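Consider the single chain below, provided in structure tokens and representing the form predicted on its own.
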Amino acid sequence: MTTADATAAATTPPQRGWRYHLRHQTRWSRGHLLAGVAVNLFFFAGTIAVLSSYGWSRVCPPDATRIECSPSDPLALGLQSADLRLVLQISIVLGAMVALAGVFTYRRMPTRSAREAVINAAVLATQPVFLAALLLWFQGTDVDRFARNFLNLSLIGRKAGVAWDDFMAELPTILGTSLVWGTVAAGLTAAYVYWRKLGRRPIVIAAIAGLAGGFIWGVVQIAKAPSFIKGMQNTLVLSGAGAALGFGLGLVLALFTMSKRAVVRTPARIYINFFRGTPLIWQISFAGIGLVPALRLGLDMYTIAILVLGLNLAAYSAEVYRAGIQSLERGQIEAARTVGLTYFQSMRYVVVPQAIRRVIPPLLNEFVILIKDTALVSVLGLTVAEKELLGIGRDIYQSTFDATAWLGSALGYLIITIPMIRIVTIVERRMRSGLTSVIG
């Protein structure tokens, strides 16, 4: 081995994948980790099995009152059953045993990987302990009343918006839409990959995303109103259109606020302070109920909601852009000016591209917040076909007096925001890995 090879081998970081950790496990640590996983499987599988044996819902006669018959009665019986209590008690005992064994033995493990496995097993084992204890406490409350008000799962299924018969009838059209979306996404990505000389992986990812997006869009198109699926569609349209307006206008405002001329900087600061200093619900109400009718602008409430959401987001995103631009070294713009670029050319070609790379994660966080802020547009009195998730939940509750509708709305928001939060985490990791220090 040459000196260069020896130096490269010494500076190459060791492999720390799952195979490495698996090789450095002891018999006890491996068994302990399996025991922690087994306790979780026993708790979740046992709970689901017991509740399924009693049933999740039932059909009541049309003339029966909610006290005489409720669709959630089988689920309430399962939650109060002795079978579930036995599963919970066993889960607590087994989880406590695995957790305590991990606490007292992890220091005796010979390798770091083995210690980590034992610690992970102990943490995993505590989760069913807390969840089982919570369910045991819940059994001592008024389960019947809670189930009648919040656990009518059949209501969520009926108000989802797409019946199974309609789905099967429109399945060929849905699959065709999915295929078209996947083909277009793969084709556009292939052109970009060919231009940038990248690998084939982006094409596969784009094709899968296009197929999934086309399938979801096809399902949304056959959804009836009012329904949770229509509410999710309107929520995405409101937040997506508002984000497009807000992020674009926010970049312009950020450049204006950093101008050396007060006549340019002051109006931008006034705009930002106004929209950040007043509540969003006031802005929506004032625009929809006061300003637009008084000026006879002829805008419908849906358009007003998009405009106010975008204008509000622009104020917050402008501060994010400004912080990202000012976080760059002063020498960046000085070097750009040295080679003959004007101020705006320096910002366009040198500063802004680097700043956007840094501010993508916080901007995505602002987008997640905007998705939840769409619930405030319900004060505008949108039509049934235009209402977002919270408005749909309110309509369903007013027509059925079943609070399960609020849980349906919350579930819709989680379906939208959890993938976005995961995307934010991935982007933050990718952005962080691309930033190097001066030494690096």
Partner chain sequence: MNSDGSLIRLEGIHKWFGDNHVLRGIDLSITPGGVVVVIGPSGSGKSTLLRTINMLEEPTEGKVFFDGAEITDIRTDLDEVRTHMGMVFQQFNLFPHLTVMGNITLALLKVLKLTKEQAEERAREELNHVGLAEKDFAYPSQLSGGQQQRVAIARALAMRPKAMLFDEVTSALDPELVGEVLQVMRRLASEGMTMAVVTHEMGFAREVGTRLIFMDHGTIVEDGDPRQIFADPQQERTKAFLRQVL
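Note that the structure is a prediction, hence the values are computed from the model and not measured. Residue numbers count along the first chain shown, from 1.
This next part talks about the form predicted together with the partner chain, which is not shown.
Taking R337, R269, R158, R85 one by one, only a single residue has any non-hydrogen atom within 4.5 Å of the partner chain in the predicted bound form, and it is R337. A heavy atom within 4.5 Å of the partner chain in the predicted bound form is found for one listed residue only; from T342, T303, S259, T173, this is T342. The stretch from 236-244, 125-133, 351-359, 73-81 that comes within 4.5 Å of the partner chain in the predicted bound form, counting heavy atoms only, is 351-359.
Of the heavy atoms in Q332, some are within 4.5 Å of the partner chain in the predicted bound form.
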